[in-house]
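The data below hold one chain only, encoded as structure tokens and taken in the form predicted alone.
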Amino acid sequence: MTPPYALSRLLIYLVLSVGAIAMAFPFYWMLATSLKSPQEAQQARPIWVPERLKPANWRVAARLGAEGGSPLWGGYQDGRSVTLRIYTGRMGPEPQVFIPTAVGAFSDPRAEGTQIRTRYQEDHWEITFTNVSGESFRLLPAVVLLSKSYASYRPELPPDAVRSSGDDWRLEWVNLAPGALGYVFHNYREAWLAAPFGRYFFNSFITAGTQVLVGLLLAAMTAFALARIEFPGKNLVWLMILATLMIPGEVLLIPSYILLSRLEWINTYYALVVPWLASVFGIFLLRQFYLSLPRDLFDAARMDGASYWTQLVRIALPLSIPGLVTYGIFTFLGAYNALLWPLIVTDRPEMYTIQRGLQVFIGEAGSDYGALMAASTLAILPIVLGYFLAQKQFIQGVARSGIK
């Protein structure tokens, strides 16, 4: 290999690597944010490695979780005691500790049923929470007011937020008994429990799957008729179908809504699925595939007495699998990622799709970015897995259809 050739190859790989990193960065940022505490997610200074990703904190989280109920998922069970250590190096003003009450609540059984004891041991404060409420809880939130007179301090489990409160530092934890997995995947767990995401996923898969299956059938038959069947006015029909691509989708929203309202289909699967079953893009894509197939195959089939339906099922479809997979992927992505249309035709939570459900984490009081990114990660997982399973057919479909 000559030096100029080796240098050119090196430059090509370098450019491709930089491009790959640039494309992958938004995904890394989403994953990193999904593991951040609320304060880390909202800081102006970027946090590249969240505290919950540091192995040094996992052992502490596992110990606190074991004290509360489970070393993996934690908890705050009845009769258990959880002890947090804050290293200050010297004895100073005693920390003030309390369990915060949920916003809008007049009382909290965790706050009323918890005994809190603080004592100084050598170089650290020990804060012990004992559950005497008779109930078990999933989370143990806590707030510690530590005097600013301490030159330095180090809680064994990093707080989720540190704020200034007069002469004290206000240290906040959303869960002091997290467990190892509960600590790392706290946002994922809370996001899943914040809304009926199981129902949202079901609605998304039902609507997307129906659009793919029925849309494939309609597009395959229409494309075959336009590609292989001669009839009067075929070119005019094809031009009229292509002309519909110039109509903006937003123009059809109001007429479609009025029609569905008169049919009493609002808040039903019919409203989410039926308006999008026919796809001009799918017809165009499959027609290009059918035209690329040798005409001799269809002529031989006609000589053997095969009907058009037989030609479609026995010849065209088996040879057009890459195109069918490509169209199926595009249709699934469009239906699965749809937000505007479900926002218009659904107002009952049981009919929300996954994209509509992500709005749970966006409110007037602000956004919970950690939970939002965790929910977004869960939402894109099926798409990523589906692409890796069908990437070969997808690439072949794009290459053979002539789409650039």
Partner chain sequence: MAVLLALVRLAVALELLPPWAYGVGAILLLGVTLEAMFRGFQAALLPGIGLLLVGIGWGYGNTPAVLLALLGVGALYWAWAPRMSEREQASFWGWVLVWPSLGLLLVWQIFPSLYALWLSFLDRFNFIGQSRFAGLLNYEILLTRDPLFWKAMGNTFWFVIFTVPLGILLATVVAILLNERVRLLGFFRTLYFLPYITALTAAAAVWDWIYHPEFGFLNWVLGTPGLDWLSTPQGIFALAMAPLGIHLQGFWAGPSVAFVAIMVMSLWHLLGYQVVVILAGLQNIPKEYYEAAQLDGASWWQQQRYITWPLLSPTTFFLSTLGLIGAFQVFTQVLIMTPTGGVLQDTLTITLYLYNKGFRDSDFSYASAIAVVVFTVILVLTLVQQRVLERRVNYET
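Note that the structure is a prediction, hence the values are computed from the model and not measured. Positions refer to the first chain, counted from 1. In this text, the rigid core denotes the largest set of C-alpha atoms whose superposition between the two forms falls within 1.5 Å.
Just so it is clear, the following notes concern the form predicted together with the partner chain, a form of the same protein that is not shown.
The three residues N57, V132 and V174 each lack any heavy atom within 4.5 Å of the partner chain in the model of the complex. Taking the partner from elsewhere, R154 is found to have every heavy atom lying beyond 4.5 Å of the partner chain in the model of the complex. Residue contact check for P109: none of its heavy atoms lie within 4.5 Å of the partner chain in the model of the complex. Although the partner is absent from this view, F201 stays clear of the partner chain in the model of the complex, with no non-hydrogen atom inside 4.5 angstroms. A residue is said to contact a partner when one of its heavy atoms sits within 4.5 Å of a partner heavy atom; P232 meets this definition for the partner chain in the model of the complex. A heavy atom within 4.5 Å of the partner chain in the model of the complex is found for one listed residue only; from A195, I241, I315, I99, this is I241.
For the options I206, V184, L218, I127, the residue carrying a heavy atom within 4.5 angstroms of the partner chain in the model of the complex is L218.
The stretch in contact with the partner chain in the model of the complex, judged by heavy atoms within 4.5 Å, is 258 to 266, chosen from 258 to 266, 114 to 122, 285 to 293, 78 to 86. Along 259 to 281, residues L259, L260, S261, R262, L263, W265, Y270, V274, P275, W276, L277, A278, V280 each place a heavy atom within 4.5 Å of the partner chain in the model of the complex.
Superposed on the core, the two forms barely differ at Q115: its CA moves less than 2 Å between this form and the one not shown. Once the rigid core is overlaid between this form and the one not shown, L35 does not reach a Cα shift of 2 Å, moving by less than that. Here G79 does not count as shifted, since its C-alpha moves by less than 2 Å between this form and the one not shown after the core is aligned.
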